[in-house]
Each structure stands twice: as C-alpha cells, then as structure tokens.
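In the block that follows, a single chain appears as structure tokens, in the form predicted alone.
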C-alpha cells in the first residue's frame, strides 16, 4: 500500500532518513535518467536553493521504499520561476504569487512504478494538501509532453507563456487551479477511497 507523507519544517527531523534518500533518488532521476547536467553533484544528491525550511514535500512510500515525490514552495519568497525561469512567463501576465499560490516542483515517480497508480496518488495528494491549506493555485515548469497526462486525470492548466527549449525539451510555465472537481477526478483514477494523504501528525520512524 502506497502512503503519501507530508513533510514540513515542523516534522522534518523525524523524516531525516527519508529526506536524505529522496535527494539521492531525485539525483538519479533528474540527472541520471533525464540528463539535467546542471543539477549533477559529486555527492549524488539533488539539493537546490529551495530545499530549505519553507519547502513542503509530499513523498510516496510503499513499505520501506520511496516510490515518488514532489515539492511545494511559497511564491511569496524568491522561487524557481521568479529566479530561474522568469523568461517563460509572458510579461503582460506576470508571475502568479501570493499566500494562496505555491510553486510545484521536483515531481518524480521511480521507474518501476510509472505504469501504475503511484502518479495519480501523488497528483491527488497535491490537490488534497492544497485544498486543506487554502491554496488556490500552483505554478509549475514542465515539459509539454507532461500536460496531456495531467489533463487526462482531471487537471486543468493555463499557460503563462510560450514553450521554450530547455535541456533539449519544449518546456512551458503553467498555473494549475486547485479544485474539489480535480481532486475527485484524480482520486477515481488513483482508486482512492479515503484521504489522499496521511494525517499531518503521523510520522514514520527515522
């Protein structure tokens, strides 16, 4: 059974081993598989400026195995779109930001779980967490091939600018509305009957 753990600054010390593993899995996927050489680190860990105390991680765990994850970051602070990818946002639209907007980054599913329901569980968890927290929108930078996938499970996306080539892939900045309808749709695809994420007070033993 895959569980989605919500890791914040308040409970992060109890998840120290899982957080460390997730940095290494991120490096394996984004550098080893996707070839994002700018992220390559000698220690084999993908850690950037947004892996700080403000980051929230939603990590998918099956037994003792990490099978997927994603990160949410406040847009009231300097964030990836504002600092690294502002050229992906059309000037007239501006970069969405505010207390009810989060940036959604570092989404991954390990290779052996990409053809099951793990991705839908992660997508449901993102919508569930945001609804619980009063977050109305997330922003993301994604390869354009990824958009039909999230549309197929009930998400809507709104482009913030035109696609541009990044790391050899057409890439676009989008905003994604958070809604009960989107959550209900992706829950159906994930086969979920209960809450999409574990209670916040729950923490696996380190």
Partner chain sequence: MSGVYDDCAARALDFVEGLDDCHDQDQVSASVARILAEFGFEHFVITGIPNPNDLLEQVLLIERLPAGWFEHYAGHNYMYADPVFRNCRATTSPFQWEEAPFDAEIEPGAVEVMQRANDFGMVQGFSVPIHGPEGCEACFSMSGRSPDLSGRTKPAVHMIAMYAFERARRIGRRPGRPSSNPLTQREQEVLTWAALGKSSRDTAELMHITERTALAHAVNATHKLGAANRTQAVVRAMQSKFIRV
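Residue numbers count along the first chain shown, from 1. Just so you know, these numbers come straight off a predicted model, no measurement behind them.
The form predicted in complex with the partner chain is left out here; the points below concern that form.
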**Prompt:** Is residue 61 close enough to touch the partner chain in the predicted complex, meaning at least one heavy atom pair within 4.5 Å?
**Reply:** no
**Request:** Would you please decide whether residue 90 lies within 4.5 angstroms of the partner chain in the predicted complex, comparing each non-hydrogen atom pair?
**Result:** yes
**Message:** Is residue 170 part of the interface with the partner chain in the predicted complex - any heavy atom within 4.5 Å?
**Reply:** yes
**Request:** Would you check, heavy atoms only and a 4.5 Å threshold, whether residue 149 touches the partner chain in the predicted complex?
**Result:** yes
**Fill in**
Of 30-38, 171-179, 52-60, 133-141, the segment with heavy atoms within 4.5 Å of the partner chain in the predicted complex is residues 171-179
**Asked** What residues of 133-162, in sequence order, lie within 4.5 Å of the partner chain in the predicted complex by heavy atom?
**Response** 144, 145, 147, 148, 149, 151, 152, 154, 155, 156, 157, 158, 159, 160, 161, 162
